[in-house]
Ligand SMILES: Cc1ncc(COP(=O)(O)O)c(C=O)c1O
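Have a look below at one chain only, the form predicted on its own, in structure tokens format.
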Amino acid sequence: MSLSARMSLRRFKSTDAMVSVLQPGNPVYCLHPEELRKAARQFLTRFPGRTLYAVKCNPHPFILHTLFEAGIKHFDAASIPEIAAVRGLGSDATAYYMHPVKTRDAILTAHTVYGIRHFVVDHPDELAKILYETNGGDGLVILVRFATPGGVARYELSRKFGASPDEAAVLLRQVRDARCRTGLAFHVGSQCLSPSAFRDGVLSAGRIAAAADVALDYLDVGGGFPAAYIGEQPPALPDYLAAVRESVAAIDLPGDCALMCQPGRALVAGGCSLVVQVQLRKESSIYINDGRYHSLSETVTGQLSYPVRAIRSDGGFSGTMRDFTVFGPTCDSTDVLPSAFSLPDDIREGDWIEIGQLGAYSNALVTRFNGISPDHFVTIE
């Protein structure tokens, strides 16, 4: 069955066409399947190993199906619902349970119900939990996650997860001694702005494996591959992938070691835009029907700025632009975006704004605060 037959989303030729037809009074997520397919092709043709999509970044079924049909067959999952969503894609979709801290029930369910064989740990107690709940042994893959230095990404993850190099070497030996297949994993942080962070992570993995005297079956270089935003143009993706290839060639990996990466943002950021409507204008402030508690939380948590453009269905705008303070739809006084939107100076109630580059961590992080929860999706061909 084709993707279009499985999904019931309305399709439009353009965002403007959607606005003309629907005149939406609520936020609308506009999914762009060709952008998703293009991003998938980049990783599948240029990364020298397995590409695992990080489901948490955007778990919408259309996103998952589009990436799957574009050739992404491996998925980084962090919960049982994410694993179940991957399993629903088809028998050749493989889920990897990559959350370093899991409940015992989740480990047991993942292993016995969904047949999960790949797990990540960063502490001896987590390893003991997995070995107990799965009975361990042959066929189980345990990747030891180690911490990397910070300072190169919008979100640092090693403050929460990751063993020190010495601890990782000890854990790696314990995995081998438990007769499991061995691996190392790291994550340089989300929206990483330096390709050298991946090079340093791979070289650290080589040193840890040598110190443990363990031949690696797997090496996972994690996620963190960035997307472009307003005021932030990171190096191109080929620079990151080249850093991985060159550093992998410099360490002593077994010939059959499986190399993996876990992109989220870089795969889906350009695959979705959001159309919001202006509810009120007060001088140089506008009030819209989405905000920091909903699709735009990364304007605060990641200090990201998105491209925006105004849409008016009954005519054009003034050619003069000005900066507007943007307030969200809730009654909370902190529901204001930290950066202004540059918009036509005659924008008014009822006009729409398309916000681009919103495929990553937008609908995935929506709350239900004030009873507001955007959930309308369309596709743009």
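Keep in mind it's a predicted model, so treat the numbers as computed, not measured. The numbering used is simple: start at 1 and walk along the sequence shown.
As for the form predicted in complex with the ligand, it is not shown, yet the points below apply to it.
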{"query": "In the predicted bound form, the residue from H118, R265, K102, R292 that sits within 4.5 Å of the ligand by heavy atoms", "finding": "R265"}
{"query": "S273, S190, T182, T148 - the one with a heavy atom within 4.5 Å of the ligand in the predicted bound form", "finding": "S190"}
{"query": "Exercise: Y240 in contact with the ligand in the predicted bound form, heavy atom 4.5 Å", "finding": "no"}
{"query": "Contact flag, A39 vs the ligand in the predicted bound form, heavy atom cut 4.5 Å", "finding": "no"}
{"query": "Distance check, V244 to the ligand in the predicted bound form, heavy atom within 4.5 Å", "finding": "no"}
{"query": "Contact label in the predicted bound form: G224 to the ligand, heavy atom within 4.5 Å", "finding": "yes"}
{"query": "Proximity to the ligand in the predicted bound form (heavy atom, within 4.5 Å), stretch among 128-136, 257-265, 231-239, 304-312", "finding": "257-265"}
{"query": "K56, M98 and L157 all contacting the ligand in the predicted bound form, non-hydrogen atom within 4.5 Å", "finding": "yes"}
{"query": "Residues from 70-85 in contact with the ligand (non-hydrogen atom within 4.5 Å) in the predicted bound form", "finding": "D76"}
